[in-house]
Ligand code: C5P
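In the block that follows, a single chain appears as structure tokens, in the form predicted alone.
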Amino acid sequence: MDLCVALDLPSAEENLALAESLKTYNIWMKVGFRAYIRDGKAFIGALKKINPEFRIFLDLKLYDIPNTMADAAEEIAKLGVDMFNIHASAGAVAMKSVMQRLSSYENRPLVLAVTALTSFDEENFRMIYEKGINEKAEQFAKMSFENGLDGVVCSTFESRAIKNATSNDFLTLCPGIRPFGEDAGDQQRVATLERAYEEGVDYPVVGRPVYRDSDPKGKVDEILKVISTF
């Protein structure tokens, strides 16, 4: 289990200050929509300067026609990030296109597919996908596995079933982690570290419980101590 910290603060300066406070840890850093649109590839370079061992997850959730997604995936690979994601809803052809385009890269980034956003509850998910979260997440995961992706983004509660339906080596990255039972905020399907471990989560993503803490470094230290006991 590898910790991923979400850099979701309102400015580059705040996010870089958070990263600076965590520079002694060789952890994953999640760069999302707002940060990347606002701060661009220079921000990724700035993170690597703080700690070259930081691993970068670029969380852009690509969703477009297959060729456009493949073009974007290739540009992402050139950034030197370690992982990025696409929407599973884009379908099998888009997945194949992305993976084929990246096949020539010796050290390509990991590619994950988003199954069901953790902000969804069951009712609102069914309104869009006409199936329950568990059923559809597993279906998306099988499609991703069959088309060569490295894993999926899902909630903790789908992780074990997804691994059972694919492979134990098929990665699950799970947002909405509240390490010690903190407030759920706008997330619907949240879980503690212990539950994430029980469900086989590979990458627990922690945002607000870290960056809203008065001592983010202390909170990360607590989290890593718990993870080390698993």
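Residue numbers run from 1 along the displayed sequence. In this text, all values refer to a predicted model and were calculated from it rather than measured experimentally.
One more form of this protein, predicted in complex with the ligand, exists but is not displayed; see below.
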Do R208 and the ligand share at least one heavy atom pair within 4.5 Å in the predicted complex? yes
Would you check, heavy atoms only and a 4.5 Å threshold, whether T118 touches the ligand in the predicted complex? yes
State yes or no: in the predicted complex, is some non-hydrogen atom of L3 no more than 4.5 angstroms from a non-hydrogen atom of the ligand? no
Does the 4.5 Å heavy atom contact test between K30 and the ligand in the predicted complex come out positive? yes
If the criterion is a non-hydrogen atom within 4.5 angstroms, does every one of D59, V114 and V153 touch the ligand in the predicted complex? yes
Exactly one listed stretch (46-54, 59-67, 194-202, 160-168) reaches within 4.5 angstroms of the ligand in the predicted complex by non-hydrogen atoms, and it is 59-67
